[in-house]
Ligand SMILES: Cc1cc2nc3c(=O)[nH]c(=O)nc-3n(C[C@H](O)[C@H](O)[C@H](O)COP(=O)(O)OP(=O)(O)OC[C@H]3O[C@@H](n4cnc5c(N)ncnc54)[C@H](O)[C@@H]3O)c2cc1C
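This document starts with one chain, in the form predicted alone, laid out as C-alpha cells.
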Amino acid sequence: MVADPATSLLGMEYFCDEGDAIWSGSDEALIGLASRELEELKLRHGAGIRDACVIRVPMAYPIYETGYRDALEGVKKHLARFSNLQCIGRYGMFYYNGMDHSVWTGFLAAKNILGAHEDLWSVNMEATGNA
C-alpha cells in the first residue's frame, strides 16, 4: 500500500462523541496525541512521521444490512490482491467483533507480517454467523 518498503502506514482510531474534547481537538493536537502514543507503545521508535491527517466520521459503527455479506465478499476479494495489507479490528474488517477478537486479529496480522499465513477473516466467524 506504501511505495517505499521501509515505510509503514498506520491508522489510529479514537472513540469519541461529537463535540467532546477529542472530536473538537485540532488536527495538530490529535496528530500529536497519536504520535506520542505510538512512541509510548514503542511502535514508532523515534522514526519521523512523513504525513498525517485526521478524518472525523460521525456515527461510524459497523451495522449489518441485508445483503452485506455479498458486498463484503467483493471487498475481501479486491483487498486480497494486496500482499502487504492486513485488515484488522471492527472497522478494518467491518465485523462487529469484541475487543478481544479485534486485538487478536492484530496479533495474527503481526504474525503474518513475520511470514505466517493466518486467516484473519476467520476470527469470530461463529459469533457473526459467517462461518
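The first residue of the sequence shown is number 1, and the count goes up from there. Just so you know, these numbers come straight off a predicted model, no measurement behind them.
Keep in mind the form predicted in complex with the named molecule is missing from the figure; the text below concerns it.
Residue contact with the named molecule in the model of the complex: residue 86 places no heavy atom within 4.5 Å of it. In the model of the complex, no heavy atom of residue 32 sits within 4.5 Å of the named molecule. The closest non-hydrogen atom of residue 70 lies beyond 4.5 Å of the named molecule in the model of the complex.
Heavy atoms of residue 91 reach within 4.5 Å of the named molecule in the model of the complex, making it an interface residue. Only one segment in the set 77-85, 97-105, 24-32, 37-45 has any non-hydrogen atom within 4.5 angstroms of the named molecule in the model of the complex, and it is 97-105. Contacts with the named molecule in the model of the complex, taken as any heavy atom within 4.5 Å, map within 7-42 to 13 alone. Wider separation of the C-alpha atoms of residue 14 and residue 85, by 3 angstroms or more, is seen in the model of the complex than in the present form.
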